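Form predicted on its own, single chain, as structure tokens, below.
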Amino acid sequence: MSCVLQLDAGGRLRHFLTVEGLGRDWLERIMDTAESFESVAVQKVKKVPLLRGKTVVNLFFETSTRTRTTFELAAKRLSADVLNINVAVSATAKGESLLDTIRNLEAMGVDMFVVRHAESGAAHFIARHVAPHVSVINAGDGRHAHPTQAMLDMFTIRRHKRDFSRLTVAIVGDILHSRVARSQIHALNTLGAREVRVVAPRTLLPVAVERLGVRVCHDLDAGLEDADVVIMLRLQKERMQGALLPSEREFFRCFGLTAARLRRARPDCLVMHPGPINRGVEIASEVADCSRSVILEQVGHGIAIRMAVMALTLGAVQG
């Protein structure tokens, strides 16, 4: 269903709502396109004219600084006009329906909506109702998906490791509430990763998570054994209902990544985190800042990946 909605009749990427269901060729095309945009960041004038005359609206119903900023930078580097809608004071907050808000913005000539929403499926809902010339990018919906974050993570891994088929990747922490983890798992399996592990206490794992094609570990030391990449996740306390953990201190004792624990992984293991990081909760500072950490690289790659997705969905580059 998602794939049908994302691709038009000619097989072109019209929306980007989820990684699930997209073929390996599309994931690699997005990364290849991002590769071509990396040089824009070091040009004297950090712009290309691909989306000149286009209007992009960042419609964020959840607070976000880094994701919204990188989407805004990506659109501006493509020369688009960008509107950031303050949902807290928008017509939606005054009682107008989401669909009426979208239609009013469409009437102003919008070409793309970048949507973040607390409800799973919000971006899909909007994509089903926009005009044929309008594209929708999912910037995170509920616990469901965060496809551009997953793609920038894959892009970062490819930069260092090249061949996914040789990789064992451990995703550690709050899998239950993480839309990022779900998108990463789909992307890693589509790209042919040798093994994807999820490492977490039972209370922070979705029911039947094995069906996503992962190996489950409840012990961090075992989960890190010979891993090529370890991705730490933020504890999403704002999404937790009830006490799922004894304490943050206990979580760090059992599942926090320290330098001593990292020695279980391969010597060239990458350390990743989609951010924002909580030092001393998910990861020790000595690891977050070590030579194997590519956390800041991930942030920088976010702009190139979002430029690629915007350019592909609006047909500014060959898809």
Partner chain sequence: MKLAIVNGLVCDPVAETLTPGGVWIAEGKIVATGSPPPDFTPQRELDARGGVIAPGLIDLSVCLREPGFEAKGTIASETRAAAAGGVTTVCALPETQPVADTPAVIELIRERAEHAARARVVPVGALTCGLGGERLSEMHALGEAGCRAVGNAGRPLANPLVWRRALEYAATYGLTVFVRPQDPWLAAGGCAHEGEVATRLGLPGIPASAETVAVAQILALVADSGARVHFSCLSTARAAAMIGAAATDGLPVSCDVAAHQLHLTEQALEGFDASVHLAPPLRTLADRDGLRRALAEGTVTAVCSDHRPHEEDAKLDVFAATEPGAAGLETLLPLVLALVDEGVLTLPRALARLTMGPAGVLGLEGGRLQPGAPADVIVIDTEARWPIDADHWYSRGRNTPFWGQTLKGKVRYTLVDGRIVHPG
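What you see is a predicted model, and the numbers here were worked out from it, not measured in a lab. Residue numbers count along the first chain shown, from 1.
Not pictured, yet referred to below: the form predicted together with the partner chain.
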Note: the partner chain not shown here; in the model of the complex, the stretch from 158 to 166, 205 to 213, 227 to 235, 69 to 77 having heavy atoms within 4.5 Å of it is 205 to 213
Just give me the single entry in 218, 133, 129, 194 that has a non-hydrogen atom within 4.5 angstroms of the partner chain in the model of the complex. 129
Heavy atom within 4.5 Å of the partner chain in the model of the complex - residue from 98, 87, 110, 82: 98
Is the partner chain close enough to 174, 253 and 261 in the model of the complex that each of the three has a heavy atom within 4.5 Å of it? no
Taking the partner chain as it sits in the model of the complex, is residue 104 near enough to touch it, meaning that at least one heavy atom pair lies within 4.5 angstroms? no
Please tell me whether any heavy atom belonging to residue 119 falls inside 4.5 Å of a heavy atom of the partner chain, as the geometry stands in the model of the complex. yes
Under a 4.5 Å heavy atom criterion, is residue 182 part of the interface with the partner chain in the model of the complex? yes
